[in-house]
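Before any questions on binding or motion, here is one chain by itself as structure tokens, the form predicted alone.
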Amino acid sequence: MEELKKKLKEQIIEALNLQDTKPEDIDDNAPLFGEGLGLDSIDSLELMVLLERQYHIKVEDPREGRKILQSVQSMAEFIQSKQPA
């Protein structure tokens, strides 16, 4: 799980072009939107595309997407739950 979270942070930084951010700057449980990383609705679309391209996971329900994209931790747990055992 730790490796997945580190990889996710790197992918988020690259996908959203967060040039001044390092993976260690992103707290696993910090909100990605609002007060935490400060992402917006356009960024959420980019993160959905990242999930689809990198992990072959398509999120159909926007309400589910909101829960999944709360933090790096929630994204990692979702990805792990969708991976074959």
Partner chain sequence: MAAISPQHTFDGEMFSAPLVHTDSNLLSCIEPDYKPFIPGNSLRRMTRVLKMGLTTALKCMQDSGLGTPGPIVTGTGKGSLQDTEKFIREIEQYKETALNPTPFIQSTYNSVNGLIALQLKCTDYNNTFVHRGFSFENALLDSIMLLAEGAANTLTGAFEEMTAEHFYIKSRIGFWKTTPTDSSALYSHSSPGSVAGEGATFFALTATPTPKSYAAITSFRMLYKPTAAKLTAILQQYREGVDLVINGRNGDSNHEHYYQAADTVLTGIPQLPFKHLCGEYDTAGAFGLWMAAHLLRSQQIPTQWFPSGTKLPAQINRILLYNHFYGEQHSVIVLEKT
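Numbering follows the first chain given and starts at 1. Just so it is clear, the structure is predicted and the values come from calculations on it, not from any experiment.
The following text describes the form predicted in complex with its partner chain, which does not appear among the structures shown.
Contact of Asp43 with its partner chain in the predicted bound form (heavy atom, 4.5 Å): Because a heavy atom of Asp43 falls inside 4.5 Å of its partner chain in the predicted bound form, the answer is yes.
Is Leu39 close enough to touch its partner chain in the predicted bound form, meaning at least one heavy atom pair within 4.5 Å? Looking in the predicted bound form, residue contacts with its partner chain include Leu39, since a heavy atom lies within 4.5 Å.
Can you tell me whether Glu52 touches its partner chain? I mean in the predicted bound form, with a 4.5 angstroms heavy atom cut-off. Taking the distances in the predicted bound form, the answer for Glu52 is yes, it comes within 4.5 Å of its partner chain.
For 14-38: residues with a non-hydrogen atom within 4.5 angstroms of its partner chain in the predicted bound form? If the 4.5 Å heavy-atom criterion is applied to its partner chain in the predicted bound form, 14-38 yields Leu16, Asn17, Leu18, Gly38.
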